[in-house]
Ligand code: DGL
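A single chain comes next, written as structure tokens; it is the form predicted alone.
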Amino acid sequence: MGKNHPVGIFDSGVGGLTVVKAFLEQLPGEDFIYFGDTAHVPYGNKTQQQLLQYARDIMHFFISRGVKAVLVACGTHSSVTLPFIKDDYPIPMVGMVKAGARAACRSTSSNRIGVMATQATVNSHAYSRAIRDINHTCQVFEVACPRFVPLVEAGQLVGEELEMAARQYTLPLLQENIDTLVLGCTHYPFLSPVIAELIGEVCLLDPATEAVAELKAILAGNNLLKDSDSNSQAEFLVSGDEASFARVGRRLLGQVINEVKSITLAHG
């Protein structure tokens, strides 16, 4: 493992590309391998045991490819599996939850924070714990949004079905008078325009910027930042259909996504 090795980034599908966008802004010279576990999307209805197996398989693959760090670009894995596996590997792993919690605590003035996430993340209460670890006076209101990920994976980023779902999920949070809303799933920033219109002056937070800043600091602290200023070399891999991933992904990242390959992971 050295400076010129790539960073591993993974999610259940295209959601983690919102994190790749922040990665390219802050670490434009770093190479990365992106893995979208599209064969198992959505993650929100999976058991902890299933999610742990997926995470270990992905990490086994990343280690075999010699990555120097891993960015867990998935709210569900950051909540459910990262706390259990982060000490099992000899490389830094950075997730979304602590980053989102820090950003939320800086943002809020009323200490009333909302979180939109998958059912698995909500069930874990990871965001509530992380936010209260920073500021125990905060009240955290979490809402599961099961209709969002399938819509994003299908590329349906506008339309009546999305607006109805967004209204359903934001209403109970607005009734709690939150002043900050954390997008606790990396798919949800695709839907920011629709959500922002519904929540008005409430601060809408994407944890990706904070998470990538944390990764950058860790790489710098371990003398692992790439020396070269050349543009990053990107590799995009999925466990399911590469065509739909490429189509939806290019709507966010454009031609950064040159080629997408479908692979089958060995059990780690």
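Since the model is a prediction, treat every value here as computed from it, not as a measurement. Start at 1 with the first residue shown and count on from there.
Here the subject shifts to the form predicted in complex with the named molecule, a form of this protein not shown in this document.
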query	finding
Non-hydrogen atom within 4.5 Å of the named molecule in the predicted bound form for each of A101, T180 and P207	no
Selected contact from V67, L237, I58, V41, since only one has a non-hydrogen atom within 4.5 angstroms of the named molecule in the predicted bound form	V41
V149, heavy atom within 4.5 angstroms of the named molecule in the predicted bound form	yes
The named molecule in the predicted bound form: contacting segment from 240-248, 255-263, 8-16, 21-29, heavy atom within 4.5 Å	8-16
Sequence-ordered list of residues in 167-187 near the named molecule in the predicted bound form, where near means a heavy atom within 4.5 Å	G184, C185, T186, H187
